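A single chain comes next, written as structure tokens; it is the form predicted alone.
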Amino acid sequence: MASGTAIILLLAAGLLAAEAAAPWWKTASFYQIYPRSFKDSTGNGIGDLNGVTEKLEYLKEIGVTATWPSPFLKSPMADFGYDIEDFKAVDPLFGTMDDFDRMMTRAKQLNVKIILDFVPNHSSDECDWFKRSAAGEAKYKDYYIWHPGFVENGVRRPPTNWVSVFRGSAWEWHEGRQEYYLHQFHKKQPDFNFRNPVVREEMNNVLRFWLERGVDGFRVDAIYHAFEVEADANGNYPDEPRNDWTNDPDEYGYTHKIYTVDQPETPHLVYEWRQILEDFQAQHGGDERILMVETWSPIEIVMHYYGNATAEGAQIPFNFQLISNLHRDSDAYHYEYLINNWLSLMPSGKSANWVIGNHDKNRVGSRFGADRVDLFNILLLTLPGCSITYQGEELGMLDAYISWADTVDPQACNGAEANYMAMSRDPARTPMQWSDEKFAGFTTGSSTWLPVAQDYAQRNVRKERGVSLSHLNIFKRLQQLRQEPSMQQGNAEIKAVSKYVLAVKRHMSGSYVYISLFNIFNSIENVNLNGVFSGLPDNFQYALVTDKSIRQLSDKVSAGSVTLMPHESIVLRSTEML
């Protein structure tokens, strides 16, 4: 008996040691804040840093480990902060550096980590570096991509046929310098020249500056655009080949992107930044600082951002497979493939991450249906690795209707009224819905920078706190389940039971077996788990139910027969440890 007790104690000690050694981010719950729309503390209708600080306790309430606010640095706001004028200053619209420091202090008190949104591909054209580059100052002359273009039949034309993400030529004529500059996004967002080592060191110093101010890492914006193909001996660039997607030369899809994204040098830039974080870690200690990298690249290319045999890369290259490739009519086999394909291609020793929503995409409930909100939150939070949740998805917020008159997103405004809805990102960026008060409790002012969604009185934090099976309370229950050993450290098996039902099994030896089941379509399904996974115990109980469930929490169920209602998703736990 004493020997058995000793073994149990040793096993427990080993598990605790393993848990203590695991990096904090590997199973973290990340939460993206869009600061303009999170909480307004001044009454001007625009969210700010003090509003974030005020609501950090909410993040703690819902089990968030770390948050990355979209950019709040000094900017003319042509692209709402993604056009940065000063990479080391807070924009007055969002507050002051003192406000930032207060936010950091409160976050550390609550043990909520802050990830800075780092935008290295471009600056604002109002950035001092660009002004000096345009003026031809020796140090800054090659900070950006410049070219005189060509004159044909007396008409000047851009250097290439490259198209901006925001429509139109990616080249803009600068009257002062008498040259074109490259901008892969808005014309007020000139691209840096990362083939210039001085530019690279300038960006390295931006990272060091914010590390010194206490941030826990960086979300790197649009990294796949950082390099373009190298110019030839004459300083010229090639045209990109045509796509057959569109005949509109101003449409981004007009050309096949082989020279303007995913250049082979780009992952090495991330390796360089990872080394800066490692060096800072060696000097200052503390928890590991991380890189989260945004790249909408083919999955084989994304994997390079994890690193290679000689260099570490980003801990979290964003996994956009579920955003990019799942559709409303995707069946369970499609889900299974996308999840397992990422896990199988991921380099050995690396950790998975899962993203289903962000500020650039329609909200989950609007893309897949409001009755699938819980399904996707349960999937996100029971898969192995870390999760990234966009603000409001825990409430099941939906896209709001934004009229053409109220549209402010440059991606939509650069087009025509006839199709602006297809291009606009505004519907997913509306103010956070805190209560059923005026303007959803987002502001005490008389207006908001974007209209509040019309359903805010029915879908808000205050109301959902009081409803036991609300989206919010299911999200919070999921966060508790994520702390279980099998969820934190267990193996994962992801299988399609049929075209209708997906199953995720999580288990670690000596702990409970957890099985999440997802009924994707609008039919009643019965599942025999023994036909899906081997070696299961006979009996399970419901560890999580939703408002679609006909069973209650802790109800017992046989592994041989589990009934799922339409669009129902549940989590089962074995009644015994294995």
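Quick caveat, the model's predicted, so the values are computed rather than measured. All residue numbers refer to positions in the sequence shown, first residue = 1.
A second form of this protein, the form predicted in complex with alpha-D-glucopyranose (GLC), is not displayed here; the remarks below concern that form.
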So which of 181 to 189, 456 to 464, 370 to 378, 435 to 443 is the stretch with heavy atoms within 4.5 Å of alpha-D-glucopyranose (GLC) in the predicted complex?
-> 181 to 189
Does at least one non-hydrogen atom of D79 fall within 4.5 angstroms of alpha-D-glucopyranose (GLC) in the predicted complex?
-> yes
May I ask you to state whether D360 is within 4.5 Å of alpha-D-glucopyranose (GLC) in the predicted complex, using heavy atom distances?
-> yes
Does alpha-D-glucopyranose (GLC) come within 4.5 Å of any heavy atom of F130 in the predicted complex?
-> no
Would F166 count as a contact of alpha-D-glucopyranose (GLC) in the predicted complex, using a 4.5 angstroms cut-off between non-hydrogen atoms?
-> yes
Can you pick the one in H507, H471, R219, K113 that has a heavy atom within 4.5 Å of alpha-D-glucopyranose (GLC) in the predicted complex?
-> R219
I388, I145, V119, M103: which sits within 4.5 Å of alpha-D-glucopyranose (GLC) in the predicted complex by any heavy atom?
-> V119
Can we say K74, R200 and E202 each have a non-hydrogen atom within 4.5 Å of alpha-D-glucopyranose (GLC) in the predicted complex?
-> no
In the predicted complex: members of 423 to 460 within 4.5 Å of alpha-D-glucopyranose (GLC), any heavy atom | R425, R429
